[in-house]
Structure formats: structure tokens, C-alpha cells
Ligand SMILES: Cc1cc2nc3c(=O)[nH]c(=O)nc-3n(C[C@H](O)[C@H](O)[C@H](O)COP(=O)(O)OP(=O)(O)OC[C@H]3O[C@@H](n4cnc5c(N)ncnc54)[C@H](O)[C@@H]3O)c2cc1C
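Encoded as C-alpha cells, the following chain is the form predicted alone, with no partner shown.
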């Protein structure tokens, strides 16, 4: 018998695991490679960073997901290089992998847009380690100020967030609640009322892709929570203890959080193919890479366009998941000698939360929701998207506890090294 076609999936995020779901039981061999042994639910990373959820709530073991996938194998490893001509992937610590079908779902990396000092001093929020580092940093800042109150005058209680997209807005709202409720109770002798959250967005509005009424609602909801929203504001330079804006203003801060954009995984640049905006791979209507049949790119590493409008699809987990499922179905079709079909994204709406009882939802066909109804919808959708039953149960209980008591998780510092107040 001829060997089964080999499908190699690079990346175990929404896109990669979407492919795996659709290839369960298909007449193919599947190999998944990821540098981590877990799938991260990125939309909830800000809640990990603000101590509302724990790492186990926002990450699910890949190997556990594959328990009922007899045709799939997972390896925790780093991809070294990809040879499209030879149809081979070189992985650190393993023999090279030859493939019949390749899925590039390697995600993205943070883009600092060339801002001097950003890479050295900014705290990004894109991965699980990023969220844990930010959480520890905030708690350590409070411990330092508790011992040295004079640090307040040096901007230690100023928290600057760069980027007014969904990540920046959601983090700003959650951080405001954490500072003024939880940490204010933890440090009753500290002037927590002097803490400032400053959200800097280069465009005239926060949540730029949303409708005007939703942008206005989100900005006002942030202001109501004590967030200083600075739109049409660019960052010129970041250094230890301060950030300089394009207008020359200097903001003292020991915490600069970067939520201002991503670029495709650097491996895309080694493929020898043209890349588009943000170092991403342009794909055809069926999500295959031009000139390389059987090679697909999905998620944050790819630039796909809507079949109806021709506009680029947003970098959302829902898009990546749908694209992954489509690629899984396409590979099954190709393996059976059938033609590929174009990917049609089903827009189920876009949403963002600002905090307790405040969210915005933009539904298909122009409908919008705000306030408590939108917030409950946001909770329900994100709960349903979590990978495992245990994660869904834990998150439901954590959210319920927070709703009833206004208390977050256990604020303990796991890394007992000294505070890096230069970040």
C-alpha cells in the first residue's frame, strides 16, 4: 500500500488546531510542530496579566487535545527552516520532515514599528509568558512603592499603554479595575488614587475598525473608569522611566505596555517568496501560497482577503479558526483527487470589552450592542471558544466569583527577583 499523505502543521494556535480538527480520521498522517506544548487562548491574556485568570485557564495542552486523533503526532520543537522547493521542514533536535501538504500557522511577533527603546523597555502582550511577566511586573511595582513612596513622584504608578485596539482597550479597563479595587485594598497606606493609566493611540479613535458609536462608547467607558485616553498621539521614544511623545511631551512611567501591532513570524522572510504588509504571506482564495500547491498559510502569518469584498480579513482568532477548518477540509479534498474550493469567512461579529458591565459588539448587517447586554454576549462567546471542558468550567467559576465579590485571583509574586523598574 502507498504511504498516507503527510500533512505537516507548523503552529498549534487557532489556525493550526482548526486544521487538526478537520483532519481527524482523514486518510493522512498529521504532524504538528510548536515551540510550546500548549495552545494559548490569546483573547484572554489580558485577564491573566491583570490576575483575573490563571495560566491553566488560558492555555490547553496540545497533547490532550490529540487524545482522540489517532492519525496525529505532536512535537514540541522549534522550526529552523523551511525548504519549499524540496518540500521539507528542518526542526531543531529532529530529523527533517518531508511533507505532501504544509500548513504555515506560525503566528506573528510583536512589531515595535522602529520606535527607539521599545524593544528594550516595553512590555508586550501577545503570549502567555508576556502576560505572566506583565502581571509580575505590576505587583512588584506596588511592592517597591510600598517600600519607597518617593517613587510615586518618579512615575512608578503611571501605567502607559500604547495601542488603542481591542488588546489595549481591554487591558486598560481591566487594569483600572485591578488598581482601584483590588490593589487599593491590598495597599491601604499607599496613594493608589494617584495611579494613572494612560492609553496612547496614534489614530483619532480607539477601536478603529468598529463603528463610530461603538468607538465613542468605548472611549467614554474608559474615561469613566479613570483611564486617560490620548488619541492622535504617537510615541517617539521609550527609555527607562519615561516615554517621549511625538509632540515632545515626556510621560514618567515605569510601566510601558505595548499593544500597537504585530508582524508575521520572521520565518516567513526565509521562504524566498514575496511578502506583503507586515511581513505576511499573501494567499489565494483557497488559502494556498501562490506557486506552491499544497502549501497553505493561515492566521497572523498570512494575509487573506474576503471573497465578497476583496478586503483583508482581520487578524482575529475566529478568522484563523475558520481558515484552519477550511484548510483541513481542502487537504482532505485534494487527497481524494478533488479540487480546492475558495475560503468564505462567515462574519459572526466583532466585540471588545471595557470592563464589568461594559462592552461593544458589532454584529453582521450593521447591528450593534453596548453595555451590559454586550458584556454578557462577550462573556458567553469567549467561554464557548475555550478549548477544554475544564478550562470552561474554571473560567466560568472565576468570572462568577469576580462578579459576585469583585475580587480577582490570588495576587502573589512567583518570581522573587528584584523589581526591574527600568522596564
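Numbering follows the first chain given and starts at 1. It should be emphasised that the depicted structure is a prediction, and the values quoted were computed from it without experimental measurement.
The form predicted in complex with the named molecule is left out here; the points below concern that form.
- For residue 23, no non-hydrogen atom is located within 4.5 Å of the named molecule in the model of the complex, even though that partner is not displayed.
- At a distance threshold of 4.5 angstroms between non-hydrogen atoms, residue 19 is out of contact with the named molecule in the model of the complex.
- Though the partner is left out of this view, residue 105 does reach within 4.5 Å of the named molecule in the model of the complex, counting heavy atoms only.
- The named molecule is not shown here, and in the model of the complex it never comes within 4.5 Å of any heavy atom of residue 307.
- None of 138, 125, 295, 214 but one reaches within 4.5 angstroms of the named molecule in the model of the complex through a heavy atom, and that residue is 125.
- Contact with the named molecule in the model of the complex, defined as a heavy atom within 4.5 Å, holds for exactly one of 382, 29, 356, 392, namely 382.
- For the three residues 158, 204 and 251, a heavy atom within 4.5 Å of the named molecule turns up in the model of the complex in no case.
- Residues of just one listed stretch (263-271, 142-150, 287-295, 204-212) have heavy atoms within 4.5 Å of the named molecule in the model of the complex: 263-271.
- In the model of the complex, no residue of 277-292 lies within 4.5 Å of the named molecule by any heavy atom.
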